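This document opens with one chain alone, in structure tokens, the form predicted on its own.
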């Protein structure tokens, strides 16, 4: 295919070399004539393993061309990859000046072009940028319509500096964010041969994916380093600790706990987080990320409380009291915290939990009820039906399949549902549905 690439930084230069290597006609466009002169002569504009040979081969093939003029690049191609920088501003926001300036130039270049053209944003941008910034500028300056005269999509890249060519050839997946099938099919022709899954999704989801992946990588690095410093203060081999952590592919390095949901609780996670952060404090080790876990967890609870209070409704029915489905453990259950808050605000509360039968509770749970929340026992009901039918707001905190069926059957249009568990087919619920963090 005929492809133009705007921005000859890491992503643009690597993409140009790899696409030319793979047989495409590539036009690289940049405002830096020095970079273009290097590429034209077969030299790399960036220091990266394999780039010397890659650009040299691309130049010799005759499939790599360069220009500083956007009009020439657009005229010479059917697809344009936008790879310009989006650096941080002083306040932390993204500087989109290069993206906006280039979008104007690309729009002007499209004015006199009769054929359909595909614009692919690869710059890392915040959700909504492609739809609300790039597309309107393209339409304004071209006088043409997105989805008709040209296509716009977002394709995040997952290239790490130092291994970008290897990452280009073996990506984790190829993701295209678009509302239009045509740009996705164009990119499938270009990248569909790569040994990974080709995924299409919405524009904003793809944009958010890239930001999320980078933030998750930063989170993992910080987590390992904080664990490392706490271990170091104790004389424990932190490399061995994290090696063993990474051996667990069922929970640690897996999809477990990686879906939006409600706050964590129970007899293990809260107390162990507190114990570890207390240990760090006693050993004079600063662990701001780990210190933030419990306050962050509480924010999720407060968010759910506020969602109910803002509704203005007074009758609340809770499905669930234990910290998760299939257990009667009430210790540090965020649902108990919710119930306490609703009682404290004077709301009329009823609760059903199939595993929490006050008469049957023994041991730690019995003591917890008697000592910490004795007043809640009088709010327990014998069935989910009793709770739902008497409520204006239904808070669903358990994901049991049978309970989900009851919720779907009994919730009415005048009820609000606050979902803490991601109810299956929740779009089919009759009531005013709200997910706690989705």
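Here the structure is a predicted model, which means the values were calculated and not measured. Numbering follows the first chain given and starts at 1.
Absent from the display: the form predicted in complex with a small molecule. The rest refers to it.
Using a 4.5 Å cut on heavy atoms, which of 349, 336, 186, 159 is close to the small molecule in the predicted bound form? After the contact test, the surviving option is 159.
Of 410, 404, 31, 373, which residue is found within 4.5 angstroms of the small molecule in the predicted bound form when only non-hydrogen atoms are counted? It is 31 that has a heavy atom within 4.5 Å of the partner.
Partner-facing stretch of 374-382, 31-39, 58-66, 390-398, counted where any non-hydrogen atom is within 4.5 angstroms of the small molecule in the predicted bound form: Heavy atoms within 4.5 Å of the small molecule in the predicted bound form occur in 31-39.
Using a 4.5 Å heavy atom cut-off, state whether residue 117 contacts the small molecule in the predicted bound form. The answer is no: residue 117 has no heavy atom within 4.5 Å of the small molecule.
Contact with the small molecule in the predicted bound form for residue 85, defined as at least one heavy atom pair within 4.5 Å: yes or no? Yes - in the predicted bound form, heavy atoms of residue 85 and the small molecule come within 4.5 Å of each other.
Examine residue 324 and determine whether its closest non-hydrogen atom to the small molecule in the predicted bound form is within 4.5 angstroms. Although the small molecule is absent here, residue 324 would stay clear of it in the predicted bound form, with no heavy atoms inside 4.5 Å.
How about residue 77: is it within 4.5 Å of the small molecule in the predicted bound form, going by heavy atoms? Outside the cut-off, so no.
Candidate spot 8, 11 and 123, all three touching the small molecule in the predicted bound form (heavy atom, 4.5 Å): Result yes, every residue of the spot touches the small molecule.
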